[in-house]
Every structure is written in structure tokens, then in C-alpha cells.
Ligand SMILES: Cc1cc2nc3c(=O)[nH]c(=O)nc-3n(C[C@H](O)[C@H](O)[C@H](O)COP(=O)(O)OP(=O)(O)OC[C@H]3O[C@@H](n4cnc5c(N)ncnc54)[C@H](O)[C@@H]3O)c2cc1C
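Quick setup: one chain, the form predicted on its own, written in C-alpha cells, and binding and motion questions come after.
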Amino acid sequence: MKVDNIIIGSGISGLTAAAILARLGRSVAVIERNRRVGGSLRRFKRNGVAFDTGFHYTGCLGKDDILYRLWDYLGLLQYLDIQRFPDYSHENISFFDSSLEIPLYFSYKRSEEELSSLFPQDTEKIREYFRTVREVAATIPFYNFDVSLNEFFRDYWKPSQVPVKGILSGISDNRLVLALLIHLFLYGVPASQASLGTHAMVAHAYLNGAYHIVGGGQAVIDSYLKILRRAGVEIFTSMDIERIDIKDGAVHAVCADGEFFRTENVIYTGHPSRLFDLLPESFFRPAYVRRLRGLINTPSMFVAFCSLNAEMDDYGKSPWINYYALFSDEDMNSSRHRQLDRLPVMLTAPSVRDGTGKQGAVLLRESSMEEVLAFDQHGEEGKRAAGYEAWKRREGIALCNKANMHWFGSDEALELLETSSPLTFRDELGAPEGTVYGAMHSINQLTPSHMTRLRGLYLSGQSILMTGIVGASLSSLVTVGEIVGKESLWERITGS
């Protein structure tokens, strides 16, 4: 089979790359190892309750925002019901050992006002924080369309190496620092290693407004599939890649389950360290191979999917507020939390925002492969040692009980239906160590480039540019731009 472009992986990055190329009239095939496309965007049901695997909400969907412009260009918006979070919605940060609650609104102005009123002694420092995030965001082309994409990637972006904790030094109350850094939940980097550039890129997207999509991530997947099928994109599922063939220093073909695809370009959207499973390391410099194989990943998660035994409003809670709970003396600067019973917990209810069906909520806490290694039987995917299901249930119930008492004041509000562990993320999504945000974007390691030294071989995904649905989508925009011309593609999408 001859096709201009092969996309390996059908998460949001792979679907976006395929859609852009198809929109430009290029022939495309998407190859996915799993039975279903969509990766962590998929939605599933348990006992009639809908749950999102990894998509909970997003930024950048205002009419002047980049994700809205991209989806408009691709023709996705006609299929999506996008709802902006109400003005009262926010990240609610509370503490297991204190009655203090800190709201971080999806608004620069509102957040600055609320935090200044809570901590008047730190007003100037709070203003400096928000001012700095705004200023850095203004240098990023995805938030300021007047900034040249080529110049942004050609020049060394200085904020990417400036520690974010520098602008927070001097704030008197550690709990405020935690509140301001709560967006670290959204890209998985401890405060000590987070860069000002990465923090601003993530935080600005939400300080400009948060958005819900009716139907969750599954609605996004279904919309992509409609436009891809209409454009003639072929999607192959349950197909494992055997190798990428190279000829004369350039990509020549992809072999998958005995099928042979001749192609000019391959966009690999999996974790960069897995690239060398598909082609000889000898094509790359040893230093490059060591760097990609040695990438430090963001943490994994343990997730409990729960049914709600009453309406959230009955408990004084809103699905438009995301709830976080932690200990006031927790050191968010550490690279890993060690005590399981002191880990921060997040509660969110994406499907409840749809306003239909049974009510459910999702609980998340940090986890790692160390926690589940004893159940990883012989290192084989899908093989679990005895006791794994019982352990998952115990941990899920413990997380439900903790959330029930802290947020609902009742031991009957949340009932466990399903769980996922680092092994789930590793085996179902192909994420090394079960990482949920890919390689860590930190001041301690270089972010892999979307280009490789082999002609026609490109990288995309969360590990390449930024995390989340916005980051992975923009990563593909930049990657495809290398094939078709970044500035001309940028002008088509943004109109600038």
C-alpha cells in the first residue's frame, strides 16, 4: 500500500496530525495497536455511569483561542457542544488538616482578587505572579498570534529554563504556594523542577477560561473520526508495528502485522523512548539514543471511578468546580511523594456536567510503578499476579472513603465501580512506567524535538511540546508544519 503519510498512534496527537494532513489533500493512514482509537480520550461506562479515561476539561476553546481556531479549520466544531465553565467555577484547594479553602478561578482577574483578599500581606507578590505568567504567555505564539512560529522555535526560549519557584519566593504562607502551583496536577512536574515557560504555557490556558465538551473525550474522538472518514483517511486498529524501514537515510516504509506501507513520512506519536523498538539505533547518534531512552517521566496515577448516590448539589458540591485536597505541610517541591496516606487527591465529575444519565465522579492520586511492581507478572503486558484485583479494590475503597469524609461528610456519597493503576496506563495506553503526561517538561532535561535526523521521520505527542489535549494537539500542528511549511499552515489556521 502506498500512502504519503503514516501516523503511528491514534490519540489526540495522531488524530490531529491525520486531520491536518487530510485537510491539505495528503493521503494518510493511521495505525493503532489497540482495538479502539482515541487513547486516553476514550469514555467508558460502568453500571450505566459514563466515565472519561483521561479527559476532564480543557482550555483554549474561546473563539480567539488556538484550539478553537484549529478545530474550526478542521471542521470539528459543527459536531461538538462546547460549554464554557460558569464564572463561579474554580479549582477548590482544601486541606486534610485545616479548614482553609483556596479558590483558583479560571480568570486572571478573579484569581488575583480572591487570593489577595485571602493573603493581603502577599498582595504584591501575588500580582507579580499573575503579571509574570501573562508576560511569558505573550511571548508564546499559541497565545499571541503575532509571534512567529519559526522565530519561537529557532531562538532559545529562555523562560523554558527559568525555575517557576523563583517568582514565588518570599510568599509568606506555604499553602498559598501550593494553591498557585495546583496546575502542576495538569503537567506532572514538581515545583522544584518546573520551568516558568512550561508553567505559563499550561496555567495561561486555564486562567483564560476552562471548557467542557458534552460527551467528554469520546465526543472529540467521534468528531475526528467523522472528518477523517469523509476525507478518506484509512485507520487500522489492532495492528502492531513491526519496523520502520529506512532507505538512503530516509523513511521508506512501515511494516505492521505483515502489511507493508510504502510512505514518505512517518509521524510517531508514542513515547519517544519506544521509537528505537521500531528501527535500528545505529541510525542515530549514541547521545541521542541515550537521551531519549533515559527520559524522566511524569508520575502515573491511581484512579477510582465512582458512582454518586445522590445529586452533587445535595452535598453542596458543583460539577463545575474541581476539588483538590492535600496536607498543608506537604512538600510539593519533592520529585515523588512517599507516603501514600498523605498524597494529594483530586475530585472531578466531567460526565455530570452533561446533565444526563447517572451521576459519577473520578478520584485521582499520584502513583508509580513501584506501587504495583509486585503484580506485574514476569513483566508481560496484561499478565497480573494473584491479588492484583483485590489490591485495586482496597485502594479504590480507601480513596473513596477519604473523599467521602473530606468532601461529603458521609460514608455513602461515593461508591467504587472501577479503578485504574499504573499497569493500566502502561498496558492500555503504551505509557512507559504508566506515565500520564509523558516525558517530564522540566528544567533538568531537554524536551525532545519533533524532528529527527532521518528524513521523513517525525515525533509528536505530549512529550514533545506540552501536555494535555491542547499540548498534544499543538504538537501535531508543529510537526505537520515541518512537512508542509509551518508559517503557511499557521496562517491558514489562525488567519494571521
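Small disclaimer: the values here were computed from a predicted structure and weren't measured. Counting begins at 1, following the sequence as shown.
Heads up, the form predicted together with the named molecule isn't pictured, but that's what we're talking about next.
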query: Site test, C60, T452 and I483 vs the named molecule in the model of the complex, non-hydrogen atom cutoff 4.5 Å; finding: no
query: Contact flag, P448 vs the named molecule in the model of the complex, heavy atom cut 4.5 Å; finding: no
query: The named molecule contact at S27 in the model of the complex, heavy atom, 4.5 Å; finding: no
query: Close approach of L465 to the named molecule in the model of the complex, 4.5 Å, heavy atom; finding: no
query: Contact test in the model of the complex: M301 vs the named molecule, heavy atoms, 4.5 Å; finding: yes
query: Which of 221 to 229, 421 to 429, 144 to 152, 94 to 102 sits within 4.5 Å of the named molecule in the model of the complex, heavy atom basis; finding: 421 to 429
query: Heavy atom within 4.5 Å of the named molecule in the model of the complex - residue from G188, G270, G217, G197; finding: G270
query: Contact set, 27 to 48 vs the named molecule in the model of the complex - heavy atom within 4.5 angstroms; finding: I31, E32, R33, N34, G38, G39, S40
